[in-house]
Every structure is written in C-alpha cells, then in structure tokens.
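Below you will find one chain, with nothing else, as structure tokens; this is the form predicted alone, and questions on how it binds or moves follow later.
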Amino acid sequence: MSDAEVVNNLLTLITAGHETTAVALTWTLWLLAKDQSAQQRVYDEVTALAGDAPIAAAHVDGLTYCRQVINEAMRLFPPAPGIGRLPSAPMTLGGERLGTRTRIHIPVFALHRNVRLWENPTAFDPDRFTAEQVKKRSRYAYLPFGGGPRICIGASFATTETAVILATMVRAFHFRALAGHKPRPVARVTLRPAGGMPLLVTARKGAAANIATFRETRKAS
C-alpha cells in the first residue's frame, strides 16, 4: 500500500474499531444510569454467571441481557447515525431513477425511531431484543452496523467486546445520572454527546476484586 492508503486504513481502524465502541458504551451507561432496574438486571446476570471471576470466553454466551441492553442503546443512539451508499448499477427505488453516481443516505438514527417499525420508539426497552422479538422484525429495521454485503466487518467482535466491558464495569461500579443533565447528541461521523457525559459513579460494596479486574482490563486495552 502507498503511504496514503496506510494512513487511511489506520484512521478507519481508529474510528470504526475504537471510537464507535467507546461511544456505544457511553450512551449505554447513561441509559442504565437512568434506568436502575435495568442496571440491576445487568449486575445480577454477570454476578450469577461469573461471580467475582474475570469475564472469560466461556461466559460470553451467557451475557444475554447485557447484549440486549447494548443493542437497545445502539438503537436509540447508533454510533454511526447515517450510512452512505452508491448503487452498483442503475436502478429504480421508490419511483426514483438512480444512477451509479447517485449518493444515497440512509438515516439510521431516524430509522431506529420510526413509529411504523418500533412501538414507543423513544423509550429504552432492552426486551425489544429478546430472540423472540428480533424474529418478528425486518432485518433492515435495525442497522447499527449496516447490512448486506457491506455490513461492518467487526460487528460480531464489537458486540462481544462491548458486552464484556459493560458486564465488567457494572459489576464493579454503580452508575447514576446527574440530576438535570440531558445530553445532546451531535453527529460528527459518530454520534457523540456534546460536552461529554457526566455521571455519578461509585464503587459497589465488596467490589475491590472487581475494580482491580476492571483496572487490569483497561491496562490490557
């Protein structure tokens, strides 16, 4: 590859492989901070599954509710709020003639809040993503990673990574929302909260070992 191609690939890896995960976890923690019952369900799931031990590969499949929470957070606040595409061949879509140079924008943020696709779409409800509920929906109603042959190559890894990180953090810390603070989402390639995300974070009782595990996880990453 040329130097320019190397740089472009590195920028893509940083943006698509690091920032998106960080942004997804940021919105997830805020939503859990507002919904204490959901946060408790995450805590109960991970402690029942792993106790005080580090989250291992054998635990990943059991983090069912953790993944539901992350999926619902990415529905409300998709890290990539829009997707651009160019047709590979001329076509007619919705009565409009599109050429191979016609740029198409898919507004993922709006799609995920469409009342024709989602019941009470602005509410945070991780149970939308039980296996039974997912089967009832069109595959293309939910596009945090895109879809089709151009779907994000790191989708499976990102889903596993965020579930493990979320489980580790919620087991070690308790998160509460800051009274009166309502974050404003801003689309700058990724969907970030303007000015950051202040939260009240306290260590859980008897969580010294879990906090140590969390710190070791941060060092490793």
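Keep in mind the model is a prediction, meaning the values are calculated, not measured. In this text, rigid core is short for the largest set of C-alphas that superpose within 1.5 Å between two forms. All residue numbers are counted from 1 along the displayed sequence.
The form predicted in complex with a small molecule is left out here; the points below concern that form.
J.: Would you point out which of 82 to 90, 111 to 119, 126 to 134, 97 to 105 contains residues with a non-hydrogen atom within 4.5 Å of the small molecule in the predicted bound form?
T.: Stretch 82 to 90 is the one.
J.: Applying a 4.5 Å heavy atom distance criterion, does residue 154 contact the small molecule in the predicted bound form?
T.: Yes.
J.: May I ask you to check whether residue 10 falls inside a 4.5 Å heavy atom distance of the small molecule in the predicted bound form?
T.: Close contact is absent here: in the predicted bound form, residue 10 is far from the small molecule, nothing within 4.5 Å, heavy atoms only.
J.: Closest heavy atom of residue 199 to the small molecule in the predicted bound form, within 4.5 Å or not?
T.: Although the small molecule is absent here, residue 199 would stay clear of it in the predicted bound form, with no heavy atoms inside 4.5 Å.
J.: Any of the heavy atoms of residue 158 lying within 4.5 Å of the small molecule in the predicted bound form?
T.: Yes, residue 158 sits close enough to the small molecule in the predicted bound form that at least one of its heavy atoms falls within 4.5 Å.
J.: I have 26, 29 and 183 flagged as a candidate spot, so tell me whether each of them has a non-hydrogen atom within 4.5 Å of the small molecule in the predicted bound form.
T.: Checked in the predicted bound form: no contact with the small molecule for any of the three.
J.: Taking the rigid core as reference, does the Cα of residue 22 move 2 Å or more between the shown form and the other one?
T.: No.
J.: Is it true that residue 200 shifts between the shown form and the other one by 2 Å or more at the Cα, once the core is aligned?
T.: It does not reach a 2 Å shift.
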